[in-house]
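Below, in C-alpha cells: the form predicted on its own, a single chain.
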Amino acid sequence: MLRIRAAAAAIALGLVGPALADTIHVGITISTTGPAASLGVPQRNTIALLPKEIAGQAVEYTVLDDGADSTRAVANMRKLLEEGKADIILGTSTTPASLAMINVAAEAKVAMVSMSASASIIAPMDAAKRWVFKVPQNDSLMADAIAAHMAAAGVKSVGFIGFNDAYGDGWWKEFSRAAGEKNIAIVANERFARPDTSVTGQVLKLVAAKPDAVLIAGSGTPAALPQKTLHERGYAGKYYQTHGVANNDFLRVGGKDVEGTILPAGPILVAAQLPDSNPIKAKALEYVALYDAANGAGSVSTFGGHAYDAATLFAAAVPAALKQGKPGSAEFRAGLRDGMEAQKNLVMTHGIATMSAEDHNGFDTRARVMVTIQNGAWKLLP
C-alpha cells in the first residue's frame, strides 16, 4: 500500500493547523502487478505528482494494488471506503474490475472515476452508474476511427482477436457495428486470456480466413502476443491495435513485430507532434514534462495520463463540492459527483470533456488521433 500523507507532513512543519480534519481522502485501486501492470505502474507513478492541496484543502491519496483481479478491486474499494474514509475512488486500470466496482460506488454514494476504456462502465446510464465516471476514450469512439481508416486503406475483410473478458466483448460489439457501417466483412472472431502464453490455435484460424487486416483488441503488453504469433505464421496483412496498447512497454515487448501497426490513441501519445493550434497540446505537454522529470526522459505513458485526467476531473469539482459540505461528509461526496457531472470544456491530456447526466465521459473526436509505429516509436498520421 502506498500512502501519501501530505496533510500530516504539513502539520509537522507548522504549515497548517486544525484543517487536517477537512482533509480530502482519495482512495485509489489500480493494477500495479499482474497482466495489466504496464497500465497500473505509470498510474501509480502519476499519483505521486498530484497536488497535495486543492481549493485550500489538504489531500491524502491512498493507493492499493488489485493485480487486475475483480475480487481484489472490490475488496480494495471497500477497504478504502470503510477504513480510509475515501471521499472519492479513482480506478481501476481494467474494464472487468471497474465493472465489478460500480455497485459498491452506488451503495456508498461515493463517486468513482475509472481509468478503463469500455463504454459499458458508464452506459447505459442507470441509478448505479450515475456515481461512475471514466476518463479513457470510449471504445465506440476509437472503433469508429479504426473502421474509417480501414475503409480509406481499401480493407474489405478483417479478422478479430480480443481478450475473452469485458474489454474484448466491448470491442467486438463496437467494432462489429463500425465495420458494418463501412461495409467491412469480419471473417474471424477469436479470443484469448490476458495471462495466456500461446495463441497459436487462434492465429492459425485467423491466417486461414485470409483477411486483409487483423484487429487485436487487447491492452497492455499481452496484446503483443497475437501480433508476434501472426508474424511467426507469415501473416502479411495490415495490423491494427486499440488504444489499450499505447505505451512504451508494448513497443519493447512487440519489437520489430509491431512495426507499422496502426491504432487510435489519445493526443498525449504524440503531444510534441501535435500542431500548436491543438487545444489539448499544452495540457498534454504539461503532464509529459512532470512525468519525465520524475521518472526519466521518454518514460511517459498514456495510461499515466488517465490518472492525471482523473485527478483533473475530481479537482475541478472540489470548489463546488465544498459549498455543499466539508470533506468526509455525505454532502461533500455528493457534491463531488454533481460537480464532475457539471464540467464543460474541461481540458485534459487525452481530450476535452463536456459531461452531462447522460454522458460521464464527455469526449468528442478531439480525444483521438491516428498513429503508427515507425522505427520503434509512435508517429502521428495525417
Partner chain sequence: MDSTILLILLQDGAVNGAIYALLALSLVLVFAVTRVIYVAQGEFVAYGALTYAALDGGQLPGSVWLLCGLGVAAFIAGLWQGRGQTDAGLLLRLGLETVLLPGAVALLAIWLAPLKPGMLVEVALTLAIVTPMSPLLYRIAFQPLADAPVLVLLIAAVALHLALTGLGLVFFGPEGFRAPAFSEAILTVGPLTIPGQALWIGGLTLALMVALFGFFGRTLTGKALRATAVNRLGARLVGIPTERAGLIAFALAGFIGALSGVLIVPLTTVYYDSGFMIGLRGFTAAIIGGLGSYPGAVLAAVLVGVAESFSSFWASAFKEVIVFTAIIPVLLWRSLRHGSTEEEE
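Residue numbers count along the first chain shown, from 1. This is a predicted model, so every value here is computed, not measured.
There is also a form predicted together with the partner chain; it is not shown, and the following applies to it.
Interface residue among Arg177, Lys210, Arg78, Arg233 relative to the partner chain in the model of the complex, by the heavy atom within 4.5 Å criterion: Arg233.
Only one of Arg72, Lys281, Lys129, Arg191 lies close to the partner chain in the model of the complex, with a heavy atom inside 4.5 Å, and it is Arg191.
In the model of the complex, the partner chain lies within 4.5 Å of some heavy atom of Leu225. Using a 4.5 Å cutoff between non-hydrogen atoms, Gly201 counts as a contact of the partner chain in the model of the complex.
At the 4.5 Å threshold, heavy atoms of Gln43 stay clear of the partner chain in the model of the complex, well away from it. Using a 4.5 Å cutoff between non-hydrogen atoms, Glu286 does not count as a contact of the partner chain in the model of the complex.
Stretch 30 to 38 is the contacting one of 340 to 348, 323 to 331, 30 to 38, 55 to 63, since its residues have non-hydrogen atoms within 4.5 Å of the partner chain in the model of the complex. Relative to the partner chain in the model of the complex, residues Asp196, Asp249 and Val253 are all within 4.5 Å by at least one heavy atom.
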